[in-house]
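Heads up, the chain below is alone and in the form predicted alone; it's given as structure tokens.
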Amino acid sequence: MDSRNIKEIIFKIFAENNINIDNINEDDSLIAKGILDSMAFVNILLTIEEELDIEIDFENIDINSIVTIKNLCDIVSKMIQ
């Protein structure tokens, strides 16, 4: 699975959860921009884990470093490879 497919899946997950990220820059913080609160972000991460059959190692990942679309896609891409 390439990074474009991962990005499409992540965008689909946001859409299924009625979270509009169409007008956000990929480097913008989803939390700082008010798109998500911390609980909603964790729920998105759990949905990504389930959808892609991966396990995000929350103990070794700084959650604040993956609150952008770009960084989230990058981390997920690395986990799938």
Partner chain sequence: MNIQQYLLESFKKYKDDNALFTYNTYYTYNQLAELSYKLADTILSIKYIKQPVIIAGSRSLYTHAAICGALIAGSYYTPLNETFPVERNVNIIKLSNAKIIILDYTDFLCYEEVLNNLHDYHIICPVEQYDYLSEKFPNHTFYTAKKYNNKFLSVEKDDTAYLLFTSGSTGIPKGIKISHYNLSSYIQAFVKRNSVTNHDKIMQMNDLTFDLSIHSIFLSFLFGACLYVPDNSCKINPNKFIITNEITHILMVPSSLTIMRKLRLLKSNSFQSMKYIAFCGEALPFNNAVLMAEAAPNAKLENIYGPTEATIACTYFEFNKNTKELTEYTGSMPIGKAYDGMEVFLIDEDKNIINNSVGQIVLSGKQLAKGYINNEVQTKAKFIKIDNKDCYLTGDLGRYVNGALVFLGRNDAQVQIRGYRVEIYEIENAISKIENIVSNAVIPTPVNSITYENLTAFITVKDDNIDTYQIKSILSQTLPDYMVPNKYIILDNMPLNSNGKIDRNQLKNMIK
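Positions refer to the first chain, counted from 1. The structure presented is a predicted model; accordingly, all values stated were derived computationally and were not measured.
Just so it is clear, the following notes concern the form predicted together with its partner chain, a form of the same protein that is not shown.
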Candidate spot 52, 71 and 76, all three in 4.5 Å heavy atom range of its partner chain in the model of the complex? no
May I ask you to check whether residue 23 falls inside a 4.5 Å heavy atom distance of its partner chain in the model of the complex? no
Is residue 9 close enough to touch its partner chain in the model of the complex, meaning at least one heavy atom pair within 4.5 Å? no
Residue 56 versus its partner chain, in the model of the complex: is there a non-hydrogen atom within 4.5 Å? yes
